[in-house]
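There is one chain below, alone, in structure tokens, taken in the form predicted alone.
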Amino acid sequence: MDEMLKLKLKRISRKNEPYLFLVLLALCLLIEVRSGQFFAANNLVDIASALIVPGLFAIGAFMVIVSGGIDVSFPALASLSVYASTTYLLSIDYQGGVWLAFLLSILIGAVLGLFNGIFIGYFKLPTLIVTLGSTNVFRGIMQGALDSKQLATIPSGMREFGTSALFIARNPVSGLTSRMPVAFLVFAGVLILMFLMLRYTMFGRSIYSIGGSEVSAHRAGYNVVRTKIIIYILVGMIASAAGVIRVSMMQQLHPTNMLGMELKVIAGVVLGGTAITGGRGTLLGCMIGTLLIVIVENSMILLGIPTSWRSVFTGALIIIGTGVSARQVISMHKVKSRSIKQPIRRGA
């Protein structure tokens, strides 16, 4: 029994999530001691609300990184899909619900994701190079073909969705109130679906297998090309849904508002223990890492730190997250090398 307990503790100690959770807890307690407002109901709701869009982006980025790639195009993809769908709905004076905005954006996102997937999966081009190029392609289409500009008015269905609340939290001390957006249910739903898919389906196992070794995955019977194409289609769909939520919550559309979010999102994913080389990571760690980034960015005022230092802290987290991931990969390679060099003991 003691041996079983030791084995379980040893396995837990090798995972990033427990340590990251302790860091997250320590940060929350530090902010609470400094401000006395962190655990206030309205502040917790504000943090949950701020997590929705980065959290959805992180789910897509997580799938790509686990499969062995780095996608930097999802903010531009989301911007293009939501801008195209919103301007179309405005042009026909659409007065219905938000479902059509989601449907159009997700369809456009799937096509744009397919664009990435074909070049990465079929033509076997490097993920980073393809997505850097497609970022500029998507921005060029938005600025050139669509003549993008800030839209102060969005369709009524999107406005209503953005202001709808599950509940309202009130701070009894300050009297401030915060709304828990209905959009949080979309985020939770996507997170649960992706968790089930990655853990219990053949497609989910193929993503991890490809990230570990494409050659081994092919030999095991996985269709590497098809899996990669599906991954980028899913990323396009999730990113587009996040774009609709972002615009709805802001009550206006700025075509460049989401550009530049990719570094923070990737930092959160890697900080959560996802191996930058692919093949290893959990959605739980991904969400904890993303939450840590969100809390750092949204709690600087409570800590009395000027917001101008936000980039410094985010950059430091990127370096730490990447460094930890790289260190783990090096350690794993050393362990494998030792096991290979270890002489084979023959039975007497």
Partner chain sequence: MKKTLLLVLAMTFLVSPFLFSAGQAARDDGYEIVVVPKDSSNPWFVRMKEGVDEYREETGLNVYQRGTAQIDATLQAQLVQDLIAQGVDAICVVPVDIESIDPVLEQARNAGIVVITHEGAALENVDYNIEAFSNVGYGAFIMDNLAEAMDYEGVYTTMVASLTVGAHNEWANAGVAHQKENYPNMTLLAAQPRVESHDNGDIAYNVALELFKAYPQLKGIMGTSSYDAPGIARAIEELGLVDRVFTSGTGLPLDNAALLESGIVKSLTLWDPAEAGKAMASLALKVLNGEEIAAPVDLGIGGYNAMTFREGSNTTLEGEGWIIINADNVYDFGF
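Keep in mind it's a predicted model, so treat the numbers as computed, not measured. Positions refer to the first chain, counted from 1.
Below, we refer to the form predicted together with the partner chain, which is not included among the displayed structures.
Remark: of stretches 100-108, 169-177, 233-241, 183-191, the one touching the partner chain in the model of the complex is 169-177 (heavy atom within 4.5 Å). Using a 4.5 Å cutoff between non-hydrogen atoms, L30 does not count as a contact of the partner chain in the model of the complex. At a distance threshold of 4.5 angstroms between non-hydrogen atoms, R246 is in contact with the partner chain in the model of the complex. Put simply, A152 is close to the partner chain in the model of the complex: some heavy atom of it is within 4.5 Å. Proximity of I301 to the partner chain in the model of the complex falls within the 4.5 Å heavy atom cutoff. With contact defined as any non-hydrogen atom lying within 4.5 angstroms of the partner chain in the model of the complex, the stretch 78-110 contains no contacting residue.
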